[in-house]
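Only one chain comes next, encoded as structure tokens, the form predicted alone.
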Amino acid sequence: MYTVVVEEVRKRFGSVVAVSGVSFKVAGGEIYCIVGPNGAGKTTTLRMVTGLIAPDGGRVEVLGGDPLKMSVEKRRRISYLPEDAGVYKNLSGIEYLEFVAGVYARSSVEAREMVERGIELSGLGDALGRRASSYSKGMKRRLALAAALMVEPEVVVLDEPTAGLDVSHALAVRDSIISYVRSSGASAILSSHNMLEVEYICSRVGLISRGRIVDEGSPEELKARYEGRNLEEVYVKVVGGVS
């Protein structure tokens, strides 16, 4: 069953065409990566999937409904982590998790369970007792991702989840995403510029250029189709050649 269906979606900002007919589907338990150059339409597509902006045409369906018309209850089943997402710097890590749990949880028991999951997902240990203003970029990103996943969403949308992180924090973020999807059966959609990351984490890849998905497949399928030793070579042949 597909949890996310995007069909011929289009979006224009004034005279700029951001998305010009994107189509893809994502099933439960799948990590789908949208890969392409800056300005190709990745972030705009993700925002339409989450219902933050409306498409000018085409169809977006998430969990069986239009994300623009979802009830609050159904919207709770979707988590979105933008590339520039921050955390409240004057709160400690644990206080931030408690704050998010307070928004999502229906009871104090559920809130405690969410926070416990967030503590485990973050992997930050004793650092959770410190103010987030003292955290490195990687620590903040791990805290934000933990908050996004601890509410147990059925669809997770992540925009450049490891951008600017060092190797250890990037690996921790990737492993958290993989582990969550495998254990929960949720769907994840993410964008990335890191081809090694895409090859490591993604079930399927959509190559986007000039607002359209120009090809799609698993990393192995794409490498075989374009005779690439890795996804970087595929990216150059497909996206680099038409951008």
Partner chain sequence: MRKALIVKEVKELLRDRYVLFNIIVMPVLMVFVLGGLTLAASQSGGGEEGDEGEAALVILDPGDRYASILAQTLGWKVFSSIEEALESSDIVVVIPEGFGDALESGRPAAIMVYARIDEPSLAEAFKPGDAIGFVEDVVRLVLASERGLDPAVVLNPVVVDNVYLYDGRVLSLADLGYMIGLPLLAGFVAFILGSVVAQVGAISIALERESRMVETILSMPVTRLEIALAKLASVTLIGFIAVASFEAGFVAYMYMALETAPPEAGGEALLGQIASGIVDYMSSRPGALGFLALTSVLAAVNMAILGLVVGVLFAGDIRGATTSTGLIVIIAAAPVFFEMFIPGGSAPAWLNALFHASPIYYPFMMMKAYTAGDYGTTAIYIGVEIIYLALASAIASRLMGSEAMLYGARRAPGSIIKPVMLDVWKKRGR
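Positions refer to the first chain, counted from 1. C-alpha atoms forming the largest set that superposes within 1.5 Å between two forms make up the rigid core. All values reported here derive from a predicted model rather than from experimental measurement.
As for the form predicted together with its partner chain, it is not shown, yet the points below apply to it.
Asker: Val100 versus its partner chain, in the predicted complex: is there a non-hydrogen atom within 4.5 Å?
Answerer: Val100 belongs to the contact set for its partner chain.
Asker: Verify the contact flag for Asp84: yes if a non-hydrogen atom of it lies within 4.5 Å of a non-hydrogen atom of its partner chain in the predicted complex, no if not.
Answerer: Looking in the predicted complex, residue contacts with its partner chain include Asp84, since a heavy atom lies within 4.5 Å.
Asker: Does Tyr104 reach its partner chain in the predicted complex if we count a contact as any heavy atom within 4.5 Å?
Answerer: Yes, Tyr104 lies within 4.5 Å of its partner chain in the predicted complex.
Asker: Although the partner isn't part of this model, could you tell me whether Gly58 comes within 4.5 Å of its partner chain in the predicted complex, counting any heavy atom of the residue?
Answerer: No - in the predicted complex, heavy atoms of Gly58 and its partner chain never come within 4.5 Å of each other.
Asker: To test your reading of this chain, name the stretch in 44-52, 31-39, 213-221, 197-205 whose heavy atoms come within 4.5 Å of its partner chain in the predicted complex.
Answerer: One stretch meets the cut-off, namely 44-52.
Asker: Would you check whether its partner chain, in the predicted complex, lies within 4.5 angstroms of a non-hydrogen atom from each of Ile178, Arg182 and Val236?
Answerer: No, the candidate spot makes no contact with its partner chain.
Asker: Go through 3-33 residue by residue and record those having a heavy atom within 4.5 Å of its partner chain in the predicted complex; state none if no residue qualifies.
Answerer: If the 4.5 Å heavy-atom criterion is applied to its partner chain in the predicted complex, 3-33 yields Lys11, Phe13.
Asker: Superposing on the rigid core, I want to see if Arg75 changes position between the shown form and the other one - specifically a Cα shift of 2 Å or more.
Answerer: After core superposition, the displacement of the Arg75 C-alpha between the shown form and the other one stays below 2 Å, so no.
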